[in-house]
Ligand SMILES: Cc1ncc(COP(=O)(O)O)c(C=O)c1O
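First, one chain by itself: the form predicted on its own, in C-alpha cells.
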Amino acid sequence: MLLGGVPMSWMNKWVGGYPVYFATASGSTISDVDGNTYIDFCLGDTGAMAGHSPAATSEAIAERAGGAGGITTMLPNADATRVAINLRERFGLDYWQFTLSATDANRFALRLARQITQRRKVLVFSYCYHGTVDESFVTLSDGQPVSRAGNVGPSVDPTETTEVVEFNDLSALREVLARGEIAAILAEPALTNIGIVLPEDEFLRQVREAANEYGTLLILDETHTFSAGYNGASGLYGVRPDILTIGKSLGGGVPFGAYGMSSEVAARIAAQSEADYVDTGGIGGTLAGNALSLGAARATLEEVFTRENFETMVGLADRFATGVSQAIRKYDLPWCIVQLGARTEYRFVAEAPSTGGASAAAADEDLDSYFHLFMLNRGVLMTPFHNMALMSPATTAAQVDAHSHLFDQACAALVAP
C-alpha cells in the first residue's frame, strides 16, 4: 500500500482530502479514473510546462527507448552537446552539467561555490524555493533566522550553514555579505513558492553588483522562473549569474536538471586540483545525463520551448490576468493578481507583497481552499500549493476564458448576501 495513499507525500496537498487519481493526460487536459476531464493550469507544478506528452518530446523518448536504443550508459552522446548549446544560447553561460533534478543542480552548485571560494556559508531569501536543498529551509522570524516550520529531520540546523534576508532588502543583503563569509547567494530571480514575489526595479542588478563587490558567487535558480520567457527571468531582468540552475520542465516530463557556469567559474573549478570532481567528491550521479533524459530535453528545448511558443504562453497569461482583474474590479474585492511571464497567481491582498515574509503573512488558507475546490469541482485544476496558473504551448484561449467565467462566478458567490 502507499504511505498516505499517494506515491509521494506532497500529493496530499490537494485540497479536499482526496487527490485526483488521473488516468490520462494530453496537452493541457487531464482525465481522472472516474472519467472526468479537467483543464490543467497546474501542469505538474511546472514539470509539465511544455504540456502533457508534447509530440516532439514523445517521439524523442520513443526513438531513444526503441529504435536508437540505450536509455542509460554513463557515456556522453550528441544530444548532450545540443542541449548544452541550447542552454548556452538562452542563458549566456558557457559550460553545462546535467542532473536528474533542480534540487541536485542546486546542491552541486553550492558545493562548487564552497570549494572555489573556500567559504562555509551561503545566503538565501526568506521563503525561497530551491527544492529539497537542506540549506534553503531557513526563514526569518521576528528578524531572526530559524529553521523553517515543518522542516523534516534536518541533518544540521540550517542557521549554522545559511544566512537569510528578505527578498528586495538590499541593505540587509549587503550587511551580511560584508562579513566575508558567504560563498554564494542562491536565489530565485522572483520568489515563486510563497506566492509570486517580483523583484523591485534594479534589485537583481544591485544584488549582482554586491556579489561582485564582496567576492560572492551569484547562483540563480530558474526552475520556476523559466516561465518568464525564452531566456528565463535572468534574461528578462538582464542579470547574468555566475551559476544558473534549472530543472522540472526541461525534459517535458522526464526527470532532468542542469546547471551552467561562466568561463570564469569553470576556470576556478579547474584550478582545484585537490577536489575530486570525477569520482567520490559528492557531485554527480550514475543516472545524471542519461540518454533518455537528454533526448527528451533536446526535443523539448528545440521544438517545444521556442520563442514563438513562449510568446503564445505569455499572451495567454496576459489574457488570464485580465479576466481575473476584471472580476476583482467588478466585485470591488481587495485582491490582486501577479504575473511572471506564463505564470500567474491571484493574491487575496490589495497590493502584491514584496518580501517572502509579507507574502507568507498575506496567505489566506480559507480563500485558497475555496477557490481551489470551486475550480476543481467545475473541471479546472490549479496548483494545489497556492492558486497559481501556468500556461503551456497547448493551452487555449477558450480554456483561459473558461477559468475567467468560473472565477467571476466564484467571486459572485462570495459577495452574495
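These numbers come from a predicted model, not from an experiment. Note that residue numbering begins at 1 and tracks the sequence as displayed.
From this point on, the text means the form predicted together with the named molecule, which you will not see here.
- In the predicted bound form, at least one heavy atom of Ala102 sits within 4.5 Å of the named molecule.
- The named molecule is not shown here, but in the predicted bound form it comes within 4.5 Å of a heavy atom of Glu188.
- The closest non-hydrogen atom of Asn290 lies beyond 4.5 Å of the named molecule in the predicted bound form.
- Lys248 belongs to the set of residues with a heavy atom inside 4.5 Å of the named molecule in the predicted bound form.
- The stretch among 126-134, 268-276, 204-212, 291-299 whose residues place heavy atoms within 4.5 Å of the named molecule in the predicted bound form is 126-134.
- Residue Asn106 is the only one of Thr216, Asn106, Thr344, Thr139 with a heavy atom lying within 4.5 Å of the named molecule in the predicted bound form.
- Between the named molecule and the residues Asn168, Asn193, Thr162, Thr312, the one pair within 4.5 Å by heavy atoms in the predicted bound form involves Asn193.
- Contacts to the named molecule in the predicted bound form (heavy atom within 4.5 Å) from stretch 16-54: Asp45 only.
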